[in-house]
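Below, in structure tokens: the form predicted on its own, a single chain.
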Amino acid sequence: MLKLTCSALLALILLAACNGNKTTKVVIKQPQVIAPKDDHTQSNADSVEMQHLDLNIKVDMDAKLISGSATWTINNREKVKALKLDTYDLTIDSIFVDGSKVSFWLDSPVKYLGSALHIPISDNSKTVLIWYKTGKDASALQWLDPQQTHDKKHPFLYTQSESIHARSWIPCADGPGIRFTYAAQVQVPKGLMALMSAENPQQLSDSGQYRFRMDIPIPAYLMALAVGDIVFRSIDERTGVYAEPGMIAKARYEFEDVGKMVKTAEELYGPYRWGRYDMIVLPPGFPIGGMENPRLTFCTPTIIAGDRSLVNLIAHELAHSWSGNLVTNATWNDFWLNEGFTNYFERRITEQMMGKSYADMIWELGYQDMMDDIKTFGPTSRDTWLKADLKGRDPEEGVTNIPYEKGSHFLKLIELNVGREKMDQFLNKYFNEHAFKTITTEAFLQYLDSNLIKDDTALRTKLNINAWVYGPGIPANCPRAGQERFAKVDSQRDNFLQDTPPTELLTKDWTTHEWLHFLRNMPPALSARQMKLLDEEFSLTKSTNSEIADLWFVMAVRAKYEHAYSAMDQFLSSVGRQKFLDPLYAEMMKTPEGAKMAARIYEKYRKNYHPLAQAGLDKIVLKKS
């Protein structure tokens, strides 16, 4: 793997002047940045350009099956003899190239990657039509029976294509560096609505037929589909929210300020370039907080707290409209270029809207998350580099706090050293010049050197970029957010641990973030008496805030505070977000009695969780490799 420091990115050529009266001139030569090999696609999209996808599919909610056709418009630039595409558990019925039926073959499945589909093409082939259907193990798809939805009246389907799961519902070149436009025709049962990462309807179709267009090239991991009993509410002229009828009023209330959030983001880093920004609140099984599908963020119902205290997640998904969707990491080894930038941008939006002390709390909680991962991996682990090495591995293994938090703290360090004004000018230029393109870590570092660091050797030394990008752990120059509000929380925690009654603690105006800091930094195991005292005053077992509830239940398991177990069972039945599931089940698995409880609960609710969450929890609870 190529390792480049900013200083090593530039070759210095000294040209001695012919005239003795002239000083020696330093010419900086920019080396060519070579596109990397993406180890997570078996396609040959580096030879055959994937220009456009026409998708024509039927969604069978009863059979839990997607079937239909994918027609690719291609440009065989390298005049290769076959097109190779990614598939995972797809049945390929027939294929036509430029209207003529052709033979094809599938390779044996490769772990994580699926089976490469080989299609013979000629030098001048233009269209490849593939008839196919999905399999029962399609990793992107979660099929929900009515009882698994919020309203419990109709079935529901949603996709999660990131990182490499688009291939399980569309035969495609499934890599983040491969962009294409698409149009889709989707048939669903009458009475249900279909939505995609595209131009979307706001009203139900009487026929169950929906058409979509995405005229901006996107990678396959941003392909998305949701089908269910869904309604729409507008927020302003370009933002709105979709949800099940029983959830829509709560969702609309929670997202009241999203229109202002979009305007704030534009003030920071330029125009929003995707048309509308809408969100859909999915049923409980959605495995992540949010997914930045263009024009339609998919989000978890766990952010609906009733007091708008958790909508910072939307700031994160919105920021992806610049960092990730607009400028995309070339491979999953460069994932920090998506998530580190987005975390930084999200916190700038939050600071602008909520003030510095509020944003500082989010920075500090992120720092704590990062340090937890460093402790888990070990301070010298290769998995703590920003530039990842995921060859031969599931790219999901790279979705840790390292790309998010180490990446954003690196950008924060740059800001602190060059000043906010210069940092914002740099990022605006970066987003503009790389719009709708992909970028590698090495190309970004070269761009950083050429456009911000330039010949400032003192700045280069201060930043110590190589330690951040190509080194383990957290460099010594990592910035730390202000502790103004958390210092007050610390004093209240100390008071409690010194037997001050909870009734006397000063918690009246605390936000979610203050409560998380208060609970996170308690001793490893409080006594059952201490848990009871906190619960009696603050009703933590009954909390409707998922962030607080999950942390409280982890503490309850650790303290054997059985009073919370019934509520914890209910929580695990209605939440599918891995961020909450994994630590809670993992805590139960630490003791024999806890392991029995975990096995019992998981057996009841496993079907409620997305396949991606099931895969992770199988390892934790069932000890599957």
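Worth saying up front: this structure is predicted, and the values here are computed from it rather than measured. Counting begins at 1, following the sequence as shown.
This next part talks about the form predicted in complex with a small molecule, which is not shown.
J.: Is D174 a contact residue for the small molecule in the predicted bound form, using a 4.5 Å heavy atom cut-off?
T.: Although the small molecule is absent here, D174 would stay clear of it in the predicted bound form, with no heavy atoms inside 4.5 Å.
J.: Is Y404 close enough to the small molecule in the predicted bound form to count, meaning some heavy atom within 4.5 Å?
T.: Yes.
J.: In the predicted bound form, is there a heavy atom of the small molecule that lies within 4.5 Å of any heavy atom of D360, even though the partner is absent here?
T.: Contact check for D360: no, nothing within 4.5 Å of the small molecule in the predicted bound form.
J.: So in the predicted bound form, is the small molecule close enough to H320 to count as touching (4.5 Å, heavy atoms)?
T.: Yes - in the predicted bound form, heavy atoms of H320 and the small molecule come within 4.5 Å of each other.
J.: To test your reading of this chain, name the stretch in 524 to 532, 148 to 156, 83 to 91, 284 to 292 whose heavy atoms come within 4.5 Å of the small molecule in the predicted bound form.
T.: Looking at the other structure, the answer is 284 to 292.
J.: Can you pick out, from H517, R348, H316, K387, the residue that has a heavy atom within 4.5 Å of the small molecule in the predicted bound form?
T.: Residue within 4.5 Å of the partner: H316.
J.: Answer with one of S163, T134, T331, S546: the residue that has a non-hydrogen atom within 4.5 Å of the small molecule in the predicted bound form.
T.: Among S163, T134, T331, S546, a heavy atom within 4.5 Å of the small molecule in the predicted bound form occurs only for S163.
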